[in-house]
Ligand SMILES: Cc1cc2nc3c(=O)[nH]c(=O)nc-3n(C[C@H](O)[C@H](O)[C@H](O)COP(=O)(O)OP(=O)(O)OC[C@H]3O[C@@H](n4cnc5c(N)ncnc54)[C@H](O)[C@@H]3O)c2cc1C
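Presented as structure tokens, the chain that follows is alone, the form predicted on its own.
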């Protein structure tokens, strides 16, 4: 069974939904509000077997997908290696995944600079209104428009993102600019700094245009830093005095906010990571939010990817979760029709998304918890270091037994939001 579908949001989640439906024979139109081609500023993505399989199922190329890593390495505050773990993985970039998905869509299916502002589920079809006053109609509407989703806002107005209490700073360093004395010991690995109260993960990714040649790659830094909720509005205010909601465009982050970040880095981070940050392009930050929709479909309208549920980036599951949503959505509506298929889709994907959502909160709890401020600042004696290193950015296989963040004792799986996160 096939039909017509409108996908709202042309980022990776929307592209996966469109590609999965197209592969089943659906006629798909994608509306992306940005008037220019999207780019992820080189943000890194850790792949999983599930993600690679999903790309292959929608006929997206997995050739030269990214950088192959074999080892995870933890450093202490002095820059010494305190733990090594063998864990092969391919790390890629947001831009690369976007490009290979974009190439799966037929000409004309992807329309930029067009924003859907509301929808009307008419029972036998669903109609959308765009910001230019135009209307469109299809058998199925997919809201894949991110964690600030307009489609979710109309469908589930009570589900709103909740600030976690910390932000993630991101930065990229060209391999050619990487400190020479650290290229052999730091650059080739998936690196960690695991004290209490902050955390860094970092790894190499391809250079611009998926350049995988040694010397032309980049190093991706991800640094989690606590920010009091009262201080966040100030950080989200740009030089013109405009306070942005939820997040701020990277070029608009003020210089004094960057200066404060650099002072914090000097105080809390290993010198080797401070030096790497000093060699980077302009860093930017994103506040970390939580939300999980109790249902992912109503009538002829579905939510997919971050529009339905955000898993904090610790699990490295945002893209893979969106891919799983897309494949399940396409399979169910093609087999059972739109309304029955969407009921089955929601029943399948709500608990699966919840697993990633709660695991990510548990990983956040290992960084930030009451009493963490003065403990293990040197990053040597984290009580659950092995669990964090083998769970971060690794596809979850069922609910994992979580360790207590204070004692390290293994507890029962967490199925409810963690109070310490």
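Residue numbers count along the first chain shown, from 1. Predicted model, so just to flag it, every value in this text is computed and none were measured.
Omitted from view is the form predicted together with this ligand, to which the following refers.
> With the cut-off set at 4.5 Å between non-hydrogen atoms, does residue 32 touch this ligand in the predicted bound form?
Close contact exists here: in the predicted bound form, residue 32 approaches this ligand to within 4.5 Å, heavy atoms only.
> Residue-level question: is residue 46 within 4.5 Å of this ligand in the predicted bound form, judged on heavy atoms?
Output for residue 46 is yes: heavy atoms within 4.5 Å of this ligand.
> Check residue 119 for me: does it contact this ligand in the predicted bound form (non-hydrogen atoms, 4.5 angstroms)?
No, residue 119 sits far enough from this ligand in the predicted bound form that none of its heavy atoms falls within 4.5 Å.
> Residue-level contact is defined here as any heavy atom of the residue lying within 4.5 Å of this ligand in the predicted bound form; does residue 94 satisfy this criterion?
Output for residue 94 is yes: heavy atoms within 4.5 Å of this ligand.
> Which pick from 150, 301, 328, 253 sits with a heavy atom within 4.5 Å of this ligand in the predicted bound form?
None of the other options qualify; the answer is 150.
> Name the single residue among 161, 195, 283, 318 that comes within 4.5 Å of this ligand in the predicted bound form, judging by heavy atoms.
Going through each option in turn, the one that passes is 318.
> Please determine, with the chain shown alone, which of 205-213, 80-88, 137-145, 347-355 has non-hydrogen atoms within 4.5 Å of this ligand in the predicted bound form.
Result of the contact check: 137-145.
> Only counting heavy atoms and a 4.5 Å limit, does any residue of 1-31 reach this ligand in the predicted bound form, and if so which ones?
8, 9, 10, 11, 12, 13, 14, 31, in sequence order.
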